[in-house]
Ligand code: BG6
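Shown here is one chain on its own, the form predicted on its own, set out as structure tokens.
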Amino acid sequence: MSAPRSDAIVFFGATGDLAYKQIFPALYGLVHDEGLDVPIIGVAKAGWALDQLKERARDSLAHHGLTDEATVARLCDLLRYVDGDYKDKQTFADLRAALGTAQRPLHYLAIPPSLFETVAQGLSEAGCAENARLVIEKPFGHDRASAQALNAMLARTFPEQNIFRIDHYLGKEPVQNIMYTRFANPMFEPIWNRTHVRSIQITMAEQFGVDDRGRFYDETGAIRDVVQNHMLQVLATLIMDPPTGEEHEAVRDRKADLLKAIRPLDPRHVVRGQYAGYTGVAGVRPGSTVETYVALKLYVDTWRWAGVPIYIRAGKELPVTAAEVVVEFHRPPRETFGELVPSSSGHMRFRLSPDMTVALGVRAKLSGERMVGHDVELILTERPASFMPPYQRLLGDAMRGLGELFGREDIVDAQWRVVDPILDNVTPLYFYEKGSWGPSEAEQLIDRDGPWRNPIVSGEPS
């Protein structure tokens, strides 16, 4: 039996960047594609009136090329606005009044984590939390202990099934395609294990720097910003066991099993880097040792994956902006044709951005009488990234009470457990030039399992 749909949306931080960049476009998509027709209430302390929020929404939508006037007008008609301090009880009394007859609101906290407890308490005291759902942005905690404390605090007001921890990567079509490709095609699952897989690489490269996010990033760093959440979720999707049954929790159960089996990271298997000029960014502390790049090696202690090295790297100011996964296969036990074939020959590649690609690396014979070949890549599918925006999908799922694409308490705890041993300057910091592939020490980390496969944005095989 499906859960009842939320009958109102409340988003705190309505005048902020996240609302401008993601929430307004997601709401537009829900109105346009799904006929969303519930009150949408923005809450912020900006001294604004409703007309200013509507103007902000229109500006956001125009900026994103969302210009169907009927949809824009309908969205603006649904907007309401409550201006007030989150520490003021009157703000939540005004919110309760704005909700009118709505009994199952969805509250979206697009605000700093330091305000989560204040808002949760305000919602509870004003009668806005009963039967409500709560959407929380990352970072969910700053380490394992703070994440556990945050979970305990939220649990006093909201049951676990009503808490939706957003990781927008889970809403991306190419990430969902990994799972679909694996389990919809019988030829892959028999070789998706330690017997046939030599190693796994996951790369998330960004050609840009910290830009105007200096203060936030300097309190976060690459490990907290993308590894603890995005990259570990991609890994779990890639190598988890098949979900069983038809319950909505089946996928998250298998992800939880996988993440709990990852060994906590060994500092000896981590390389942190910082691009030249980072400390000159506004908001960054002088002499900061926060990493803008990280490469790491980890292992999963299950029968399926025991002994398979898994390499993850993520960084800013790299040569391209792209994310992809490469699963490398073992060579046959004997080279039938007596060739000297690279041990890294043979792979499967999933491109996650900027396009969606599934490709298979194989060896093919060169023309001529000799039985010699070369490595080629077969593009199984390649599509531009013109998909439903992840925030639209996630917001729609949260309204329906579908938690599959959100972080569950035990999953988030397992992710923090993996990275906790390497947080906060436990390992040395190396420097690298903008436009490079990070510090040379990352090549030493991958060593004989390498080389790193660098994504090529042009669509050519990497």
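Just so it is clear, the model here is predicted, and its values are computed rather than measured. The first residue of the sequence shown is number 1, and the count goes up from there.
There is another form of the same protein, the form predicted together with this ligand; it is not shown, and what comes next is about it.
A single residue from the set 123, 132, 226, 102 has any heavy atom within 4.5 angstroms of this ligand in the predicted complex; that residue is 226. Only one of the listed residues (347, 165, 230, 297) places a non-hydrogen atom within 4.5 angstroms of this ligand in the predicted complex, and that residue is 230.
Interface residue remark: residue 272 is not counted as part of the site for this ligand in the predicted complex, having no heavy atom within 4.5 Å. Taking the partner from the other structure, this ligand in the predicted complex has no heavy atom within 4.5 Å of any heavy atom of residue 154. For residue 198, no non-hydrogen atom is located within 4.5 Å of this ligand in the predicted complex, even though that partner is not displayed. In the predicted complex, no heavy atom of residue 219 sits within 4.5 Å of this ligand. Judged by heavy atoms within 4.5 Å of this ligand in the predicted complex, the contact stretch among the candidates 297 to 305, 200 to 208, 79 to 87, 107 to 115 is 200 to 208. Against this ligand in the predicted complex, the set 293, 351 and 453 makes no contact: no member has a heavy atom within 4.5 Å. Heavy atoms closer than or equal to 4.5 Å to this ligand in the predicted complex belong, across 136 to 150, to one residue only: 138.
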